[in-house]
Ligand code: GDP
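Okay, here we've got a single chain as structure tokens, the form predicted on its own, with questions on binding and movement later.
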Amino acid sequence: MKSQTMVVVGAQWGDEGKGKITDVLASSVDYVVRFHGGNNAGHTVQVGERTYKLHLLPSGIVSRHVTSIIGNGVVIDPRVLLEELEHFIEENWTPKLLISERAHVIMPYHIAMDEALSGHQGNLAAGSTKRGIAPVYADKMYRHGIRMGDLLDADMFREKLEKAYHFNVSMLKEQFHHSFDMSLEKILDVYLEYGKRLETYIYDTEHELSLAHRYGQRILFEGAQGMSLDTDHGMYPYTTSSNNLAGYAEVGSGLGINATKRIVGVVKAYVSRVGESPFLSELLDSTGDFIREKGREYGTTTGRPRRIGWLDLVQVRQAVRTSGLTEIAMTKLDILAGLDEVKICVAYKLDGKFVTEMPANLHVIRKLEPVYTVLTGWNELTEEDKKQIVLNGYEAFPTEMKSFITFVESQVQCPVSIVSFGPERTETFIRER
């Protein structure tokens, strides 16, 4: 499917391999746009022997011809962003990056508030990365947030900071009895300095994208996290604090084109999860340990070991529907190689009845049991196998692997157009549909 605009989103709990898929697709686009979330998300991109671990920078940053944009829907910790940029600058690489002046800024009191909230929420806590994400989005809705453009205007920044600082610090100390010692003046000085260092990147990205689209430039929107973490349609309250479905790409970038797009949902051949929530297909045995170690399933941002489960098609079915997926990119099929059998969760069971769509009621979700279909596993792909796939295409995949892909397609009514069978760019097969 050819389209001037593409959206890549996660169809599970995040960590599906969106960074790699974005990197592969970036070869044919002019812009890559991150449109939501903050440095609570991480994308890993492997190019040759070099591995890039990105948290705020779009994955398109590793493709030198691409202009990368951090959109207005993203929340930014300037310190983290500068550290990421420094890795590229040290390689004598000037990133082609633009940052929306409307993107909101994570402040030190947001990080302190995140820590306080995590303790307050108890068993309903989502397992926050404590990067300040929920509090900065809350401030955005309270309408006393700080935006990147404010860091370039000392008077405007002070006026806004005085309101936001006293609101947050008072709540921290009086409601949560949480200490916070950084003064308003110190924050003012530090963040104005961040503004000076980032000034060349801060821009009216909404207008930039509008012009790019008008003149036929190709644009790829890169999502973070996954559908089940969406604050509206995910497993609330065990979610992130932003909307990460494909429909938010236009809101979080300011490009209101309302046009047909290529929407790619990234689906890992199994499921992983960092954080708390019911996890219906979770593996708490040696098979889960095998997949975790072989797949290096540790959080890019936190380093925490990820919870592992069999592929859940109720979850994927919801992603197809809520994001309007036109296709699926399936990743990490190589990790399941070597297992005698693989399971796929096709439905849930409650009181003897089958459930094929994700309920909204958390009390109901806690009672569900997974229903599995068992498929035959496949052998490890040799280097010769990989060469044959590159030469001869989809038919060179093992029969059992093709059966796995075909079964998923039939169950969720969405074609698998991209198959990833290793971390390298070359270990990716794009099916002609």
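Just count from 1 along the sequence shown to find any residue number. Computed from a prediction, not measured in an experiment: that's the story for all the values here.
A second form of this protein, the form predicted in complex with guanosine-5'-diphosphate (GDP), is not displayed here; the remarks below concern that form.
Segments offered: 255-263, 193-201, 167-175, 325-333. Contacting guanosine-5'-diphosphate (GDP) in the predicted complex at heavy atom distances within 4.5 Å is 325-333. Although the partner is absent from this view, P415 stays clear of guanosine-5'-diphosphate (GDP) in the predicted complex, with no non-hydrogen atom inside 4.5 angstroms. Residue contact check for R306: one or more of its heavy atoms lie within 4.5 Å of guanosine-5'-diphosphate (GDP) in the predicted complex. Among residues of the shown chain, P370 is not one whose heavy atoms approach guanosine-5'-diphosphate (GDP) to within 4.5 Å in the predicted complex. In the predicted complex, guanosine-5'-diphosphate (GDP) lies within 4.5 Å of some heavy atom of T44. Counting a residue when any of its non-hydrogen atoms is within 4.5 Å of guanosine-5'-diphosphate (GDP) in the predicted complex, the hits in 398-430 run S420, F421, G422, P423.
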